[in-house]
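One chain is shown next in structure tokens, namely the form predicted alone.
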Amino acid sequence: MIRDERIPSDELRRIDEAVRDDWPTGDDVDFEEAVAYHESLPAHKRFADVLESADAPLLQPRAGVPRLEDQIELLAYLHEAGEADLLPTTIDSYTRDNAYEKAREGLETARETGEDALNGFPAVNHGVSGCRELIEAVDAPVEVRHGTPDARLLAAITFAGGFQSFEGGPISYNIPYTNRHGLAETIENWQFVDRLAGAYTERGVRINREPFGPLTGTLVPPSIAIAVMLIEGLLAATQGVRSLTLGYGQVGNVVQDVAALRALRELGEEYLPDEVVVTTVFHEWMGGFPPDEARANGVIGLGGMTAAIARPDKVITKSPQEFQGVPTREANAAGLRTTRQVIDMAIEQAIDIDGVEEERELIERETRCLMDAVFDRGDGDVVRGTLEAFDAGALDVPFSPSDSAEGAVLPARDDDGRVRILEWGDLAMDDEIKEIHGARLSQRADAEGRDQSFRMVADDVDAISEGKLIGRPRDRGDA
């Protein structure tokens, strides 16, 4: 069985050579030359340093188009018109599936027609030189954002190309995304990614790693998201990563979101080694958006207010056009400015909210139950413990397409709109916590005059897109 052990140098080289043989642009990767290239970059493009030294939340959108010149133009626009502090390069779906030939065909079509024939930037096809042209052309740090179960070649090329931050992880880019890869397989793939990041770090090039906190993005209980972040952080730290940004996706209740972000930071600093610098990222609402742009801006504004109170190190913003799919660059920039306006107005205010500390303590207690289940099953080995915990359902993610998760956990909102667990499956949680969740869901059911059921879950999934937080029955007779 795969274990939580650092990949030896000779094994790292062997895997690296095999991975780079998968596509011709892999031949252009030269580790020593890449280290020298990173050292030549100015301080304001060094992702980890910029992020870790910020004194207020930095803003970063999502953005990716196939052609290099268009990606450069898009990022420059978001940096200038949107006032983005950090920039993304979102990778196309073919590259995420390691279908580099299809990505090549899409890139050629985009070049011939001028149309966006891919839904992102095919970094593997652009190769090291294309990535460096992008890094040199924009005036802010840039992160690779994707969704790839096997991101080994993508990491090798983008690291050599000058990118200094890389999103994702073996659980967060498996369980919420795919049923085609086993968890042991993706953990092994991502051990290489993290070890390669660690190798750069040991040469003075600190590669920031960012596990994907929202997971399935749908009513994810905070403790589950935080436990996955801690696990992926621990796995990355074993491989030498020293800059970790732990993520969390907005659930919409301000008390719970602020509490969760504070718990995430505290638990990250507690569980991860002292040599790791822990930062946090807050993802604005990842679920369905209202079709009306004015209402969508309200959702974005709530995210900005939450960030101003909780003060994560980074915020991933949304646009008022989320409902229709990929936003225009103008809408993307507008989402950035809306978030910035709210944060700038609110961050200097002393805003105290009742219930945050109580909720934080509950989230931390729940997270410890999940982490104990991993440590106990693995006898101290995080890889073994994670595999066995997911296999037993002791660790689970709601609404997951992956066969590696039991998928038995069902969340629903309580009467305040905080995400609780309606059905537990085999999740490792103590009975008192289950009683707390049950009591709070019972209060909502009583208030709405209906039984606790899957109908509450379905109503809550659609609520924000329909202009509410909690999926209340429209007609008591429908309960």
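What you are looking at is a predicted structure, and each value in this text was computed from that prediction instead of being measured. Start at 1 and count along the sequence shown; that's the residue number.
If you look for the form predicted in complex with another copy of the chain, you will not find it shown, but the lines that follow are about it.
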- Item | All of Val220, Glu361 and Gly393 within 4.5 Å of another copy of the chain in the model of the complex, heavy atom check | no
- Query: Only one of Gln239, Thr338, Ser243, Ser404 has a non-hydrogen atom within 4.5 angstroms of another copy of the chain in the model of the complex; which is it?
  - Reply: Thr338
- Message: Counting any non-hydrogen atom inside 4.5 Å, which residue from Asp292, Glu269, Glu73, Glu202 sits next to another copy of the chain in the model of the complex?
- Response: Asp292
- Out of the stretches listed (160-168, 207-215, 347-355, 276-284), which one is close to another copy of the chain in the model of the complex, meaning heavy atoms within 4.5 Å? 347-355
- Message: Whether Pro24 contacts another copy of the chain in the model of the complex should be assessed with a 4.5 Å heavy atom distance threshold; does it?
- Response: no
- Item | Non-hydrogen atom contact Asp30 with another copy of the chain in the model of the complex at 4.5 angstroms | no
- Could you tell me if Arg13 has a non-hydrogen atom within 4.5 Å of another copy of the chain in the model of the complex? no
- Message: I'd like to know if Asp416 sits close to another copy of the chain in the model of the complex, meaning any non-hydrogen atom pair within 4.5 angstroms.
- Response: yes
- Message: Residue by residue through 156-172, which ones have a non-hydrogen atom no more than 4.5 angstroms from another copy of the chain in the model of the complex?
- Response: none
